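Take a look at this single chain, the form predicted on its own, given in structure tokens.
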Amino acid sequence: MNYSYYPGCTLRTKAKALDVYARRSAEALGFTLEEIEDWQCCGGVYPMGSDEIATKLSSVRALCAAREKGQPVVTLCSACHHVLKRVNDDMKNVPKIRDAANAYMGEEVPYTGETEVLHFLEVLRDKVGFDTLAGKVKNPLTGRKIGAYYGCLLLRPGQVMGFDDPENPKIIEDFIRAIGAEPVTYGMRNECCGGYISLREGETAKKMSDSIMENAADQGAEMLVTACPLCMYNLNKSEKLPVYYFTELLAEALGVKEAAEA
């Protein structure tokens, strides 16, 4: 199956690994990520103002591009996924925003939220299937005790994101099992790492990340896995446990990690 792919800015800079391992893993699993042409930054933050339209237009353009191809749009970055999913919900359900955005866009056919927005993890769970993924693993990560770190943006607001149970998620734990490792459940896996305050209030963000790391280590985790470049940035400052993008472990398990790095 083909998917329209929205990489986002960070996957072209600090988070290249998240992108590269995903592309090669997708090939190994039999689906294609077709990068949207001339995509623009999503803004990284969902604008809460009901009269704020301009900063949502880049997301609407990407959603329209996927609609034109008749494909779902797939994201990897938690922030990009959050913004695209919430803007898509606006275009479905908030007439004031939908009408204003379409007036700006000037599309021949107004956009009304037709595109399905998926995170790569949702593709693995809902389209490929974790049982199928497990069957394609060549190098099971047996013996590794891995803590899933969700952060905020994948899960909340729960009714809009529809990603997993925001209070007790399991999709990343199920992914960890599928690649042969042992998931470690710990209480702070869906707590904020300090995210958007990391530049202005660095010490506070570090304390938040340290608490997450300590909680995971106390429960037996030897490493953490995440889908969020900003979470990766904050958690790595803690240096208490190694942190990996989930796509790197996926590529390793599928036996394509070295090819992705070449």
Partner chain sequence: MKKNQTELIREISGVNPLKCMKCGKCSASCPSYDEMDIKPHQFVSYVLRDDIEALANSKSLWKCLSCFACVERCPRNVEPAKLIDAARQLVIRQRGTEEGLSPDEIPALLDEDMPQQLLVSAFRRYRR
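Numbering follows the first chain given and starts at 1. Remember, it's a predicted structure, so these values are computed and weren't measured experimentally.
As for the form predicted together with the partner chain, it is not shown, yet the points below apply to it.
Only one of P166, P110, G180, G129 comes within 4.5 Å of the partner chain in the model of the complex through a heavy atom, and that residue is P166. Residue T204 is the only one of Q40, T32, T204, S211 with a heavy atom lying within 4.5 Å of the partner chain in the model of the complex.
Between 63 to 71, 22 to 30, 212 to 220, 189 to 197, the stretch whose residues reach within 4.5 angstroms of the partner chain in the model of the complex through a non-hydrogen atom is 189 to 197. Under a 4.5 angstroms non-hydrogen atom cutoff, the partner chain in the model of the complex lacks P140 among its neighbouring residues. Heavy atoms of L121 never reach within 4.5 Å of the partner chain in the model of the complex, leaving it off the interface. Although the partner is absent here, L155 lies within 4.5 Å of the partner chain in the model of the complex, judged by heavy atoms.
Of the heavy atoms in H82, some are within 4.5 Å of the partner chain in the model of the complex. Interface residues of 39 to 72, taken as those with a heavy atom within 4.5 Å of the partner chain in the model of the complex (partner not displayed): C41, C42, G43, G44, V45, P47, M48, G49, S50, D51, E52, T55, in sequence order.
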